[in-house]
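Just the one chain here, laid out as structure tokens, in the form predicted on its own.
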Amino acid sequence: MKFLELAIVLDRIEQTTKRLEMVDIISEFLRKVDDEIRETVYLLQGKVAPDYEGIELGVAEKIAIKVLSTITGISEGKIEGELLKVGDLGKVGEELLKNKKQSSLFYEEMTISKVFRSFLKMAGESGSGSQTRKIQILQELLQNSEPIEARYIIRIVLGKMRIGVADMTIVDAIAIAFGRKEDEDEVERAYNIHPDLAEIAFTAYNGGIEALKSMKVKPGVPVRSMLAERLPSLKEILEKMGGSCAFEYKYDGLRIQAHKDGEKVILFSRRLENVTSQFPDIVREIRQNITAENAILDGEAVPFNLDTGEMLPFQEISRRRGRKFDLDATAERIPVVLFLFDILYYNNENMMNRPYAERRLKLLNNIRESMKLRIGKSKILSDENDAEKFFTEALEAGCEGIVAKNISEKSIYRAGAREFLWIKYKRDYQMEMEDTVDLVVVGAFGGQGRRSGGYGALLMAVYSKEDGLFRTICKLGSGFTDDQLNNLPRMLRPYLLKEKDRRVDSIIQPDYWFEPGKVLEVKGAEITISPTHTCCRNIIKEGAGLAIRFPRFTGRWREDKNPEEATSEEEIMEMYHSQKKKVLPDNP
């Protein structure tokens, strides 16, 4: 199939903001692409491989501008000027090529497979001369492209697709294309244990929805993490759990999913990013202390002072992220301990459908603890006072709270789900707004006075899984140090847009818009009704949404979270109602 047909579909998607319409457009196209379905789904997402493989095209904006200049004869400076006006190099390239008759250097047809193979070749280039070879590949593609094709080729190589298609939109499209709308849950289940939408679509294309039911967990492919709900009191938690549950320490670190397959060890973050190279010490500990031929384990990597036995602030672990050199020396300076709290797979056996107690026993009986590899602390309790004591012990140990886990027969590991089988309880629950929240930067306001020339405040949003939109909940201007404020423009520059991102639902008009990408941890005084914010709009009160009052940045950038993993609208709604329950008795 010609790439032009896919480009036209991408343009149709870009013209609508209606999620159901996007689903219909994608599902209709997926039925047509036959054996190019893998390539099609990757290109829909603007990538060449699943996130967990960490394959990037590695093309900078300047390179794409240089290629456009070569093809069109227009100076790089003029193209950069157009980019400043338009804010989208894909659209700039499209307009430039409309006015330039193309002369082909080669005659290979621009099919979906051809374009995908070119991208894959580009991603594989490395070492001396790699940039030159990438330029040649991109130049060949653009010289043989229609203007509309050029728009998406440029966006894909820059990693800036911006058509507003969330993963769950593609999940729903796969269900409708190869089954029925009612099959969405089955497609999502497969996606949760094998987060590669191209592979999911290929499997459904060849064997229908039934084939997805046979997809299994396997070492080397990350499982989407199970998540916890929240409640404001230990009494409510115990009631929700049926009177008794397992309480575990909630460690303040980086969520790690460890995969062992023979001597091969791979570590994935909660975002499904391969972080193996950043933790050579953890890799060694797993090789030495886990005797199973293969296993998948869930845990938290916590910065640790091995001399004093004290946990260190979460920020310490960020000093190890992104390093490429002297990793062993860095591991010595900033040691971490991996606390394991669940086991998903062991010696070719899927443990996810086993109850919590059985998984916990398997963990205890088969993991040899060491100084840097430990099993998280846990107690089964049914008394509120005992739970409060355990909570206090966790705080004194340096944890951020505790997690209650269901111990009934239904307590399986639900990949990708946030359910009341797990409930978190953190120290901040002593305040009116019971917990910190993780919010996404979608805009900024120009600074005044001391902040002149930078950003005075950020426009923050939560995520709506139901419709794939980011909805505003507060302006954030407190809690930043001077250095953090000065660095905001630099940190947010890669996400800067000329206009509002299609996935952002906002009544407020900031001075700057950003593509949803950066997640910050925020604490507030309370959640209130708001006439200007769109979070939970028209649910509590017609014409109004919910907002966080007196929000403050905690200092924690949530690099471990994708924007889609930020606090959801549903969580904000639950926090709002929980908060009201606490204050009503004092205000009868």
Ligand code: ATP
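Because the structure is a prediction, the values reported are computed rather than measured. Residue numbers here begin at 1 and follow the sequence given.
Keep in mind the form predicted in complex with the ligand is missing from the figure; the text below concerns it.
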### Residue stretch of 210 to 218, 403 to 411, 128 to 136, 463 to 471 approaching the ligand in the model of the complex, non-hydrogen atom distance within 4.5 Å
403 to 411
### Message
With a cut-off of 4.5 Å between heavy atoms, is Arg224 one of the residues that contacts the ligand in the model of the complex?
### Response
no
### Task
Give a yes or no for Glu248: in the model of the complex, does one of its heavy atoms lie within 4.5 Å of a heavy atom belonging to the ligand?
yes
### Query
According to a 4.5 angstroms non-hydrogen atom cut-off, is Ile74 in contact with the ligand in the model of the complex?
no
### Task
Classify Trp513 as contacting or not contacting the ligand in the model of the complex by the rule of any non-hydrogen atom within 4.5 angstroms, answering yes or no.
no
## Note on the structure
In this chain shown alone, the residue from Arg284, Lys424, Lys240, Lys379 with a heavy atom within 4.5 Å of the ligand in the model of the complex is Lys424
### Task
Let me know the one among Glu300, Asp196, Glu94, Asp438 whose heavy atoms come within 4.5 Å of the ligand in the model of the complex, would you?
Glu300
### Message
Is the ligand in the model of the complex close enough to Ala228, Arg255 and Arg270 that every residue in that trio has a heavy atom within 4.5 angstroms of it?
### Response
yes
### Task
Pull the contact list for 355 to 390: residues with a heavy atom within 4.5 Å of the ligand in the model of the complex, in sequence order.
none
